[in-house]
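There is one chain below, alone, in structure tokens, taken in the form predicted alone.
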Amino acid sequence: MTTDLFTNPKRFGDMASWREEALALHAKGVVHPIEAEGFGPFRAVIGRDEILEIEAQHELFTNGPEPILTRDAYIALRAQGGPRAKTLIHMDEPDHRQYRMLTNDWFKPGSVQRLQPRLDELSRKALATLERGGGEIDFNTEVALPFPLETILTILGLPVEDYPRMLQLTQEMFGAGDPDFIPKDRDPEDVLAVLRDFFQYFAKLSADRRANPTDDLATCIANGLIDGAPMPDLETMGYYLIVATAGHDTTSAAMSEGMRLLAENPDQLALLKRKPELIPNAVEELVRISSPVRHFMRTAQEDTEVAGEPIAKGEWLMLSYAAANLDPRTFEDPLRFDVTREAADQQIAYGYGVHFCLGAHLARLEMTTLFGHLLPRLESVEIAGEVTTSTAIFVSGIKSLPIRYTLTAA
């Protein structure tokens, strides 16, 4: 197929047109062969049920060797000894299970619930930002970005003064196709330098937590044991990478998308103000539409088929969550934002099966708490300027969300 829907970073800078084309693609099937210059050939899977079927067969469809759509040039550079990450999303069984269990208890609903006082504090801080803003702010940069990042810093036990550096590293890592984060003229070696910088920061942190252990997640990772032995450095750094970045960027993107949707759908805002008990379902709906993790890749380990399409051993499959969450077989009128949608919790933005997002419970609680604090005071909101979205094919979301708003009295 000659579409650049999945391979051109610029297409993700206009998600309205991206979603319209993805929805139209559903009428032509749920598995589409893609060939694009600079990438190896792959099949884009856009059906929700088909993605669930693939994810349920994690031994047949593996994360390795490449779990993210990656340009041939970067794959070649790594093959020559360039730095690479090894995180949970790069692992298959039995490694994946062993490494996931190291921190699994930290992200269970009961454990996450203990963060409620901190999330309430951050929500009040966000409300204070709106009060100081005088009726007009950039919601993304002033609320959505700091909220989840400060949450993650709290869990890791990192100082607030490290916030700017973590923000920069996160944006550079996930925004590799966006000139606002990484200039167009940077070559693969420059981009990989971001990984080196990240690793250096956390290598120093790890050494400190081994010498001076505390009760934070950074200590848990630094002193983690696999088969009774310390985690190798690459895997240790990968753990910090997935927690510090994935737990921040994706949630901030969903928060901003949620505020955009409320600004563009005042009837839904009014409904949530009347019935705040709908906020948890509204969170599922905004996550469905935003789908900040646009895709993951899987590699077939045997000849098989998906939706009746033959798949050869070694073929690369893209699980397009952003497209699957528009599947009209599950979501009626999928482009509509509907906080009462009965199927909202059928969204698969957090994945499925053994690779289900480790931080999904935390992300939901963060968004439910934030909007639970903001909406009772948010009398009205509208878009006040150009909304921009990062141009990256893996994880992307709103970069700038200028809003004009009125608040009721405290």
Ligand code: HEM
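For every residue, the number given is its place in the sequence shown, counted from 1. Given the structure is predicted, the values throughout are model-derived calculations rather than measurements.
The following text describes the form predicted together with protoporphyrin IX containing FE, which does not appear among the structures shown.
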To test your reading of this chain, name the stretch in 220-228, 124-132, 242-250, 271-279 whose heavy atoms come within 4.5 Å of protoporphyrin IX containing FE in the model of the complex.
242-250
202, 147, 331, 296: which sits within 4.5 Å of protoporphyrin IX containing FE in the model of the complex by any heavy atom?
296
Please pick, from 306, 237, 318, 254, the one residue with any non-hydrogen atom lying within 4.5 angstroms of protoporphyrin IX containing FE in the model of the complex.
254
Non-hydrogen atom contact residue 40 with protoporphyrin IX containing FE in the model of the complex at 4.5 angstroms
no
Is residue 362 close enough to touch protoporphyrin IX containing FE in the model of the complex, meaning at least one heavy atom pair within 4.5 Å?
yes
Report yes if any heavy atom of residue 351 sits within 4.5 Å of a heavy atom of protoporphyrin IX containing FE in the model of the complex; otherwise report no.
yes
Please determine whether residue 31 contacts protoporphyrin IX containing FE in the model of the complex, using a 4.5 Å cut-off between heavy atoms.
no
Taking protoporphyrin IX containing FE in the model of the complex, which residues along 96-127 bring a heavy atom to within 4.5 Å of it?
96, 100, 107
